[in-house]
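In the block that follows, a single chain appears as structure tokens, in the form predicted alone.
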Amino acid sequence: MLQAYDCIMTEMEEVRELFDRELLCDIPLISDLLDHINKFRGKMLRPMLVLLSGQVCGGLQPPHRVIAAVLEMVHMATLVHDDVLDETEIRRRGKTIHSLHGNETAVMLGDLLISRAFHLCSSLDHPGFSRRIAAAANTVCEGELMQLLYRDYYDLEEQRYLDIISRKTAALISCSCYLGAQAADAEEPVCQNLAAYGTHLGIAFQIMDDVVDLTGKETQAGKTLGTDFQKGKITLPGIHLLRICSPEQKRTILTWLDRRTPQDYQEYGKILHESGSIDYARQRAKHYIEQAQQELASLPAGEAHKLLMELAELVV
């Protein structure tokens, strides 16, 4: 990850500066909120993918910085809203907006980020850029709604789960890669290759994030864990477990999933490990990473290509 930053250090700093300028507000209370969520930016994966995709296709242009900042704003808006939906207390080792100021403030702040994102997006001369970003944002919302509607539904099929995470997580990552290529004037087949890379990468990323939610440690993850279990969201390890377990085991597991005590959570995590369901999810994530890397095969060799390959490996 640090190597990727070295390759695009100057451009990433320009994206950060553009992001900060767009979020300036002359109302002190709102400015304080916007300053607080800047802690959520993390490694800025989506801007990084915009820039690396542009580099692998020949070089960066001024629209790349704007596209990268817009996509990061949209992503951060989804994080603020997700924390409301999941009642998450910690994000990036800091208090979430909803835990500090309530759901109403968090919802409106997420909406403000979306409106600022599309205000900045309107500065792009190419209407196709903004239309693709808007389409990706629509898809993310569809995925989040699907996940909400499938809460407490423990017969969820693996393909439906993959459809949900393809929308709620992979869509914006795929858009980052596609627009990075398109803004570099790449041919449509190349844009599609990079979009597919982003889709596979995003699916693997979300599978591993779901594994961490079940098995990780909050001190390492830097965020509240166990929210999927508490909110009745069945993810890939659980789907696999319920598919392979005996009828008697299934009745016990469903009791844990319905009751959701801390002891139930511990027992659930233990059986996920013992059954091989965690390993299954990790192998599925690895499969999608391999698929992502195959999409890069026809692209020119070079530093950006190498970093896109390495970035995929870091997910698993």
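In case it trips you up, residue 1 is the first one in the sequence shown, and so on. In this text, all values refer to a predicted model and were calculated from it rather than measured experimentally.
If you look for the form predicted in complex with a further copy of the same chain, you will not find it shown, but the lines that follow are about it.
Scanning 156, 245, 134, 225 against a further copy of the same chain in the predicted complex with a 4.5 Å heavy atom cut-off leaves one residue, 134.
Taking 230, 166, 130, 192 one by one, only a single residue has any non-hydrogen atom within 4.5 Å of a further copy of the same chain in the predicted complex, and it is 130. Checking 273-281, 253-261, 52-60, 22-30 against a further copy of the same chain in the predicted complex, the stretch whose residues place heavy atoms within 4.5 Å of it is 22-30.
The three marked residues, 185, 301 and 309, fail to reach a further copy of the same chain in the predicted complex, with no heavy atom of any inside 4.5 Å. When a further copy of the same chain is considered in the predicted complex, residue 200 lies well away from it, no heavy atom lying within 4.5 Å.
Using a 4.5 angstroms limit between non-hydrogen atoms, residue 215 is distant from a further copy of the same chain in the predicted complex. Although the partner is absent here, residue 209 is not a contact residue: none of its heavy atoms lies within 4.5 angstroms of a further copy of the same chain in the predicted complex. At the 4.5 Å threshold, heavy atoms of residue 196 stay clear of a further copy of the same chain in the predicted complex, well away from it. Heavy atoms closer than or equal to 4.5 Å to a further copy of the same chain in the predicted complex belong, across 193-212, to no residue whatsoever.
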